[in-house]
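Same chain, two forms, each on its own as structure tokens: structure 1, then structure 2.
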Structure 1
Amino acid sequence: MKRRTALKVAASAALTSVLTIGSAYGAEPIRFGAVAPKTGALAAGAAITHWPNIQLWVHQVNERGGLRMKDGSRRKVEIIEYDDRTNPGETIKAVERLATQDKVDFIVAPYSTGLNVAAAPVFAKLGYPQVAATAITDKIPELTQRYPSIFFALGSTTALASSVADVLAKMKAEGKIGNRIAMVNVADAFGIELAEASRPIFVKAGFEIVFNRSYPLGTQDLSPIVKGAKASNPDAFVAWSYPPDTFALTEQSKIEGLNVKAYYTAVATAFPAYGGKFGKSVEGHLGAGGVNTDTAEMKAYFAAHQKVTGKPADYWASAVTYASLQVLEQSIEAVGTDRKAVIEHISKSTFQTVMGPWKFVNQSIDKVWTVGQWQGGVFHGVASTGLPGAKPVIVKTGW
């Protein structure tokens, strides 16, 4: 009995303190909801790209004293976080819960293509803006037409694939590489989609695909794949890979001494841990994503990310995720917390973000980084769909 009483007292004390914190500020804080994986298949990726940026953004906004509203008042931001366990059904339910139970003012878009697409109908139904920073799809025109509240910021699958072909075609034209490509892909949704999209583009660009193999998701031993690729004597190696196999393929390639002049792995090449693990060996490695690491805004962003979250930002979707929050921030400062007005504002205005100026065209950022390359310890963008600041591509020298 005694312990139960003690528990009750503790619980009510905790509740009271939460309530007092809530009302301690002069102006009511603006409440944000966030739902993304903390467990399940995509938890590791979300822990690198998604959650730290929410933490950083909330920290920075509140440190400044909050959002500067139209009427001159300052409103701090509060965040309510849910784990969707990488399960779209849970994402949908959590968005409903955030909107109708927690009554949050805004909801941060979920993590990954699948979870964003699954949540799009419910965001649209509830009228919450959804600035998706980690969704890549060729269905952007169809989805934006269907859902007026969704905004895309990471580009399309075809853009990602064709950009790689463009980079390699340019290297071929300059005589830096020959026309033999070894291409592998992880046999899972995104890997298959990219392999499908890129095959005809490579052929059209005059390449010969001399080795073409896929491997199941979660394959532990990739040495047969790398050995096969090496035996085909390629000039370029392209892997449409996921994080675990990006690391495993690179490790194997190093062991086997797969010496190509152009080496591309897809997702996770932009992770700081990739450069950290392989050190100088990654010099010249191409991968999906990239950012312009030279701008003052980006330098400040990377420094703040490290300082506030204790870990480095990745060189692709991290900054895009942060920029998507800046879009919400600037829209709310401009038009207030009326969500309909915010959606309207997002679709029409230009935003100053860490990614540079952003303007949504048909609810989508059409200028995005597509290929990056490790050069001198950072992963810098080398190809984009129209962004300034790309560095020239260098030839990979060896391991």
Structure 2
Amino acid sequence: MKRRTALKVAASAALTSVLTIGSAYGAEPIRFGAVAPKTGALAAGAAITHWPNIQLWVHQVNERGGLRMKDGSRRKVEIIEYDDRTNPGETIKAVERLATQDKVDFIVAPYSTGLNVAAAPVFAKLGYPQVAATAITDKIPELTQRYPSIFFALGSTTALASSVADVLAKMKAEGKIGNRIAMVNVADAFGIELAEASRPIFVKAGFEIVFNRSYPLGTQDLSPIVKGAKASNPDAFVAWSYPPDTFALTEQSKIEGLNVKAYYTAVATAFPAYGGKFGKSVEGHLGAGGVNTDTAEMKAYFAAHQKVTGKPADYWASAVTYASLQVLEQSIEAVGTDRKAVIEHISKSTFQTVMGPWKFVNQSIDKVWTVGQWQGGVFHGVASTGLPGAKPVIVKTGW
């Protein structure tokens, strides 16, 4: 699946002709490649977090005449897209094709932890900056040392797991929950790493893990998992989950009456569709991420996202994905299209983004949102690694 766009990104995934209008100076467009799921297990997540933000960014850049280069010219943006079908091998092949056959100037980082990690060697070999907006891993020091072209924007596994443990530990200390945790995870790079990292963290925080199960990515029937978790009589439920299973686990938990005062699911808990599907049932649900919805930048971003794409942004990685494109934009405007210079600029500069000021420390953003919670129909950030605007955590009170 391939799509090229300059003035506007069409909603269809079908092949379209190139539509490009040069700047007043006749400059050629800057060609960007993008590869992520349009089909497969992670397609629904990418359709919320990844693709709409590319559409929004391209629209806004081209609407104002294109990227402003150092010589004062404007260069519009052309996008070439591929569907990797949620398959790491397809991700790698598509990145190579974008670089060697399509000869794009830049490539947007893939969607998800596993696909970003799989593609990192190829990005590095081909010399393309990879600003990974949807990857969480404790391998950041190892990967950044090996690949100077990769940058992480969503934080580490340990930071995320530690924040969840801190939130639950505070609730336990206040007498709001007991110490019994039922924990499940998707058997993907994201879920496996988080499960392994969180076990000792939870134990150190004084919790007993009374149920611990994994399930394959794409599992359709999660009722046995939820029934097993309920039978363990937990005080808190924690799922290191991806979008399809986040929805399925919540639906089954409601059916089975898994009544805990701390209920946590990971990716997709921040999706507006999650709140839309489950309504008031999600009040008090904890999940990965969150944002500070009160900032002027975030309010403007949410409004623009809705206007341009016709759908709401999620309350976590949507804005991070858009911010990663702002990083590329500001770097290209500062140093041009020399990819080596862009990588160096990213590593040394401070960027103004919808998430606030960003500066990569050892190729990673160290101040990130880690835990959010549905409160009054909005998914607010309730824990972070140093960001302002967190809301107090509330107790979940049934379905």
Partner chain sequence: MTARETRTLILVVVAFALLACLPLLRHGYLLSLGVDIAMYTVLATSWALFSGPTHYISLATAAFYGIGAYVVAAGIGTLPYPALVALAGLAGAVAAALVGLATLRLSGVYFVIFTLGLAELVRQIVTWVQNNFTGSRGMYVLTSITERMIYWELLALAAAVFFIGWRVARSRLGFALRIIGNDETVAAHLGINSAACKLALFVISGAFAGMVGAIMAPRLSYIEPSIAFTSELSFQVVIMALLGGVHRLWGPLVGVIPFTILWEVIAARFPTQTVLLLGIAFLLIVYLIPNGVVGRIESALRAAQRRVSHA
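Remember, predicted model here, so these are calculated numbers, not experimental data. Residue indices: 1-based, along structure 1. In this text, rigid core is short for the largest set of C-alphas that superpose within 1.5 Å between two forms.
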Query raised in the report: Quick one, which of these two is the form predicted in complex with its partner chain?
Result: 1
Query raised in the report: After superposition on the rigid core, does the Cα atom of P141 shift by at least 2 Å between structures 1 and 2?
Result: no
Requested in this report: Determine, after fitting the two forms on their core, whether A153 shows a C-alpha shift of 2 Å or more between structures 1 and 2.
Outcome: no
Report task. Establish whether a shift of 2 Å or more occurs at the C-alpha of A300 between structures 1 and 2, with the two forms superposed on the rigid core. Result -> no
Report task. Could you check how much the CA of R180 shifts between structures 1 and 2 after a rigid core fit, in angstrom? Result -> 3.6
**Report entry** Shift in Å of the G257 Cα between structures 1 and 2 [rigid core superposition]
**Finding:** 4.2
